[in-house]
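Just the one chain here, the form predicted on its own, laid out as structure tokens.
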């Protein structure tokens, strides 16, 4: 099975078909689809599938469902992150944010429903997985990425603290889902997920540092979302902590550390090449609307 050719899109479509069916309130159903399709670069599920493939995983349904669940959590986090009580952003991926397109109440419920849909997706996969005994480990990994103490909810909560450890903030807010992607990919393949956490941690923090640089230097029209948000909201960022050059140097170091951290596995060289290729997509540059 060539995991590099697999896509989570069919699993995401199935998840939304279950959640946004004819019984769902129409506005909520529309907002759910609006939040997930068309998606961004889908870098988290791609990482999950790539790690599974590098470990010669033989359960593509479980790997694809884990990747899709993580993507649903990511989409939920974007909906909530844009809310007036957080970033108050009116644009995401070049279109109106959910609370702007619909309203704040629908946006909150959309994020909540997407979180539930992520775990429904894992439960749905359990009945079709070749190795259902791996599902408990995968589910635990995904669950820890969304809550406390080091999940995306905790990452968002750091923005309400008077003193913030930027590295810990990044590890929770952005790194958590990358850690889940690499660890769940390994677990779905029957490999020990623990050695794979560092890859997700480094790539996730690099992704956030790149986003901080884009926020400080990017163009709203090119990125498809507001810029200078960190400065406006007095929010912690790598640029504010290290300066622009320091943040750029830190980004390069994180990427190299991530590549070096990949554990020995049959597909290690190919995975390193894939990570390098993906990194080129999120390193700050003009015209990238698909970063998130």
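These numbers come from a predicted model, not from an experiment. Residue numbers count along the first chain shown, from 1.
Although it is not shown, the form predicted in complex with another copy of the chain is what the next lines describe.
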Only one of these stretches, 202-210, 90-98, 106-114, 182-190, has heavy atoms within 4.5 Å of another copy of the chain in the predicted complex; which one is it?
106-114
4.5 Å heavy atom contact, residue 265 and another copy of the chain in the predicted complex:
no
Under a 4.5 Å heavy atom criterion, is residue 195 part of the interface with another copy of the chain in the predicted complex?
no
Under a 4.5 Å heavy atom criterion, is residue 28 part of the interface with another copy of the chain in the predicted complex?
yes
Would you please decide whether residue 130 lies within 4.5 angstroms of another copy of the chain in the predicted complex, comparing each non-hydrogen atom pair?
no
Non-hydrogen atoms within 4.5 angstroms of another copy of the chain in the predicted complex: do 250, 254 and 276 all have one?
no
The one option of 78, 166, 153, 216 with any heavy atom within 4.5 Å of another copy of the chain in the predicted complex is 153
With the partner left out here, which residues of 70-86 have a non-hydrogen atom within 4.5 Å of another copy of the chain in the predicted complex?
80, 83, 85, 86
